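Next up: a single chain in structure tokens, the form predicted alone.
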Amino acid sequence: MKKFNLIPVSLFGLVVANGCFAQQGPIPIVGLVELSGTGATAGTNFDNGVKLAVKEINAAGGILGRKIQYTSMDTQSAPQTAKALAQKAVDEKAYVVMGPVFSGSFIVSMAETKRAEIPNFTGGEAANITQQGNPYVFRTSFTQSTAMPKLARYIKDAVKAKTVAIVWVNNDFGKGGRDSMTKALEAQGIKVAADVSTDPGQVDFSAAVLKVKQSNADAAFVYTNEEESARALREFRKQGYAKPIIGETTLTGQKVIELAGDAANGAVAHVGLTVDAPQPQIKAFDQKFQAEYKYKSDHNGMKGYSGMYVVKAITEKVGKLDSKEFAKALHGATIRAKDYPGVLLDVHFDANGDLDRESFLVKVEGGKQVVTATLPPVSPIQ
């Protein structure tokens, strides 16, 4: 009579945690997302983008013939909650973790996924996320060190500004953006006339806007979270500010436009992704997202959606579920939209997990983002 050796459940779990997955059953993917708190707009959009991609991928047969089992957890926009949930995702043997979106939460939580050697995607832009040598971290957005030089060149060449007032939110996201933009402006010979710090969740922007006006700068650069950006724009309008107001993605997002109303008109931003871009695959995403959720996605929804299709592309390239091999394969990888339309735009990942692709300049006109220019990748995608 033959004897069969049974692997104890606890040992099987250890094998899974070390990057080897049973080649049957659903693929466990966990989202750590801001579904409440100051990051609810960003996190909810990101989560909905992931869920839409999962629905499509599963309907088309899954990944390597296996369906995705996606579970989202609310970080409440709190770094320590994100850290605890990251450990829960590790305990639940996640193959990939999506989020958090907020840089401050991600910087804390990514230590847990790194220890477990689980690939972890973020929508956060803080430059220091990918400067710590974590081989399991990958972005779904530009790093600040890539985006800010593009915007500084626009401020010099198109706006012709010689001085800029910077309004920024005092958290990891804001500090990183402020430092990167200050450096980028200096490289273009542009002086920072006012350096105005604001608080996360700040409601009253009257003093901040007054400081910008008193600086007599040629333009204002606003780098705050979505809700704060809307409040700032309303205050700029209230105080009759007539000079250019320029920012990054969080200044002209769909939620900002809805909250700021007419005060958003005229704001200009560099955006990595926008549903108003003319590419056919982006238009298709916009239609599907609105059909699914009955509202228009912002850039965060696009980040979550495209990120899941990156997971599909790289897993199929590796040919098996192996977290370590996945991380190795994604470094230096190029994924083309013609092969995987869900990535939305041709994208390349470097050795740090940062991405490069086309991006856009937009201006809010009549309550809508209008794409005014398409900017090429920093380096041509081969």
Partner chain sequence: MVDLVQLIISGTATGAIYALCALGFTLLWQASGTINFAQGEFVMVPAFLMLFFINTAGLPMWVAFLLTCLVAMVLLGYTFKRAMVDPLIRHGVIPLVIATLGLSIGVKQLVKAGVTAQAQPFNSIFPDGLLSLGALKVSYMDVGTLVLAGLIVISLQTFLNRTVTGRAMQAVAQNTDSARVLGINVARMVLYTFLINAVLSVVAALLVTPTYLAKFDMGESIGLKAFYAAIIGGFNQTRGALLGGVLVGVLENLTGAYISPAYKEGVALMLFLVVIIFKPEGLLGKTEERKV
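Residue numbers count along the first chain shown, from 1. Because the structure is a prediction, the values reported are computed rather than measured.
Beyond what is shown, the protein has a form predicted together with the partner chain; the following relates to that form.
For residue 157, no non-hydrogen atom is located within 4.5 Å of the partner chain in the predicted bound form, even though that partner is not displayed. In the predicted bound form, the partner chain lies farther than 4.5 Å from every heavy atom of residue 278.
The partner chain is not shown here, but in the predicted bound form it comes within 4.5 Å of a heavy atom of residue 36.
Not displayed here, the partner chain is kept clear of residue 153 by more than 4.5 Å at the level of heavy atoms in the predicted bound form. The candidate site formed by 211, 214 and 255 is fully in contact with the partner chain in the predicted bound form, as each residue has a non-hydrogen atom within 4.5 angstroms of it. Only one of 283, 234, 162, 183 comes within 4.5 Å of the partner chain in the predicted bound form through a heavy atom, and that residue is 234. Here the chain stands alone, but in the predicted bound form its contact with the partner chain, taken as any heavy atom within 4.5 Å, falls in 28 to 36 among 28 to 36, 54 to 62, 331 to 339, 350 to 358.
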